[in-house]
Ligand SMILES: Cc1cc2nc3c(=O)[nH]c(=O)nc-3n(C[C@H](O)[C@H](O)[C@H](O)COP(=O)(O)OP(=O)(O)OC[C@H]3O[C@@H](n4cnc5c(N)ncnc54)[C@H](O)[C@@H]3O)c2cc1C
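Presented as structure tokens, the chain that follows is alone, the form predicted alone.
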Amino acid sequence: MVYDCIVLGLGGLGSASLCAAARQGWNTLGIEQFGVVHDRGSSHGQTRIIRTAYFEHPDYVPLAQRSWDAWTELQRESGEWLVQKTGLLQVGPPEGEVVQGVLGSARKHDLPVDVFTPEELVAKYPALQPNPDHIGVFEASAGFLRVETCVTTLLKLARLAGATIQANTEVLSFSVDRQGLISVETTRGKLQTERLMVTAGPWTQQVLADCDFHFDVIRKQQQWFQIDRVDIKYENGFPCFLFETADGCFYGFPELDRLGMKLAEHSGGQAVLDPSSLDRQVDPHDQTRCEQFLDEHFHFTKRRLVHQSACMYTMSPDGHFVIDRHPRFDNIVLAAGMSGHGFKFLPVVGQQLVRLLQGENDPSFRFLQIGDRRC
């Protein structure tokens, strides 16, 4: 059998791309080296922030707005709880990258945000202890995505649209013949397809070994702390948060359940040479850094680490996504280098990969093309 489209990797990116390809009416196969909805890559850990006032680059804003609409429609269609508005509080120095970036995106795209002094922050959220020379920017329309439920739902909808999933199958290599037919060698035999989507996350550089790409893979530790504050709970209106500090950038979520408040460091991280051999034990250094952040920026008397999970960022050289056609083959597309902030965009990225395979170009994605970027 020759498939219309094969998707390599079924994490967040792959599940969204599989769904988009199947809904296009293509006979689509998704290949995953682990089981489905696994915790071996980058798409696990209970929650991801979704926001539109984007400090990284204002051109993400239209894509983020489309993503909000797409997740809301997927939630309505599936009946699953995928996305929830809680607001997002971003705190940092007034001249810092985060505050300046958020305010710049808000001005350019006319987004409603509120600015708070440290005193106003403490009055609104007594659990917080911001630096006296920092300010807060609050985006009320932001919130979080339930990451495992999102991936599960996308795969379910892909199957309903006719997609086939082949799990526990490792891709060894692929090749393209003179007619453009793609052969994919796997641990379970050879497959053929007219189109290929590479959504391999931390394994992208291994899959595209013959291309001049370079992505750094960074280990990230997500941690859940119980602290003795009831006002940090989701049901009590506590928002998602991100702090830019002199020691690094930290983000977290309101307490959703018995695990407590999720907290992680967005900056820093250890280089991963082999994503298949990621150290998943608690890193004492990461734990200490998060505990120090809690001690300095939250009011409480007791804290306890309850749970932790290791995942990976796949970093592009400039920190922006790479979403484009293969440099040599128009029937191969890739989405990679999501650099720790890509999950919220999954539905629109999957749709964009389909458009690229159809020969279409969406100018909204131009800044994410390979072009002259050093990948």
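Just so you know, these numbers come straight off a predicted model, no measurement behind them. Position 1 is the first residue in the sequence shown; the rest follow in order.
What comes next is about the form predicted together with the named molecule, which does not appear here.
Note on the partner interface in the predicted bound form: the residue among 170, 216, 194, 80 having a heavy atom within 4.5 angstroms of the named molecule is 170. Interface residue among 31, 61, 333, 322, judged by heavy atoms within 4.5 Å of the named molecule in the predicted bound form: 31. In the predicted bound form, the named molecule sits beyond 4.5 Å of every heavy atom of residue 241.
Although the partner is absent here, residue 220 sits close enough that one of its heavy atoms falls within 4.5 Å of the named molecule in the predicted bound form. Though the partner is left out of this view, residue 250 does not reach within 4.5 Å of the named molecule in the predicted bound form, counting heavy atoms only. When contacts are judged by a 4.5 Å heavy atom cut-off, residue 207 counts as touching the named molecule in the predicted bound form. Using a 4.5 Å cut-off on any heavy atom, the residues of 330 to 351 that reach the named molecule in the predicted bound form are, in sequence order, 338, 340, 341, 342, 343, 344, 346.
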